[in-house]
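Here we start with a single chain on its own, the form predicted alone, put down as structure tokens.
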């Protein structure tokens, strides 16, 4: 007796097309990163193919360059400061929105406005504003304000759902036991929200560290690492640029993964 024929899969071609699309999508997304990594080890004075050998000297040149280290330090310092300010403001706004404030919808729209504006438009608006106010372009004035303006909406959108989902019954129970509002925040609210706040700060730091469009309009003499990288690309295609790009990618990826891991922990805690 012959075996019954296997039923025909009506979605076989759709699955094949989806697999092909996924492969092409991931290839276009990650292949340039692979090329950059390969070129960073190319023992050639010109950036590009063909490969003439393997070397790590370009990484040594990047790590020993005074200009690159200074720009890297500027990005780290501005990023940490912008992340701290943005996260603190986002936490205060999220806590305030839990209780309702007058003009809350207007404040929310103003917070989210930088997300809707294209980066080049935001940079031009900041440039005109600082020029009108006669504020000299500097790392700790115009650049820091531009980064906080850009990072704050993302910090708020990241932190607000976690604050909004906080069980207020815990606060009410603590107040029923005689705790003051400050004690409730210190001993009940803050320990539960701290992982979310740390994850938000790391995410905000990553955004500030990689910010270029608005920064290039308001930067003064001191450069951040994205601005310096752009200037080096415009002036000369130096052979150490791929190695520099890999270092930037590693820093951003490590911080993003740390923020994601801490954010998962915050979700479980909430």
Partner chain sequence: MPREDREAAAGAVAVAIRKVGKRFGSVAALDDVSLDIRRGEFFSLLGPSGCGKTTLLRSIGGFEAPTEGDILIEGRSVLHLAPYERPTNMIFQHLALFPHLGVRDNVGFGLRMKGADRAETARRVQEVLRLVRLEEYGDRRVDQLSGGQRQRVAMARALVNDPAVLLLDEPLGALDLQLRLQMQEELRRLQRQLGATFVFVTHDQGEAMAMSDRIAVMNAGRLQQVGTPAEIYERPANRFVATFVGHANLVEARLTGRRQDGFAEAVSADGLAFLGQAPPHAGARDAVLAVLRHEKLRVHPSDTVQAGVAASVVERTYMGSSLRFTCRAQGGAILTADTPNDMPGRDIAEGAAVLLDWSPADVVFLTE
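Just so it is clear, the structure is predicted and the values come from calculations on it, not from any experiment. We call the rigid core the largest set of C-alpha positions that still match within 1.5 Å between the two forms. Numbering follows the first chain given and starts at 1.
This next part talks about the form predicted together with its partner chain, which is not shown.
The three residues 177, 183 and 192 all sit with a heavy atom within 4.5 Å of its partner chain in the predicted complex.
Interface residue remark: residue 187 is counted as part of the site for its partner chain in the predicted complex, having a heavy atom within 4.5 Å. The closest non-hydrogen atom of residue 173 lies within 4.5 Å of its partner chain in the predicted complex. By the criterion of a heavy atom within 4.5 Å, residue 116 is excluded from the residues contacting its partner chain in the predicted complex. Contact annotation for residue 169: at least one heavy atom lies within 4.5 Å of its partner chain in the predicted complex. Once you line up the core between this form and the one not shown, the Cα of residue 133 stays within less than 2 Å of where it was.
Once both forms are fitted on their core, the CA shift for residue 118 between this form and the one not shown remains under 2 Å.
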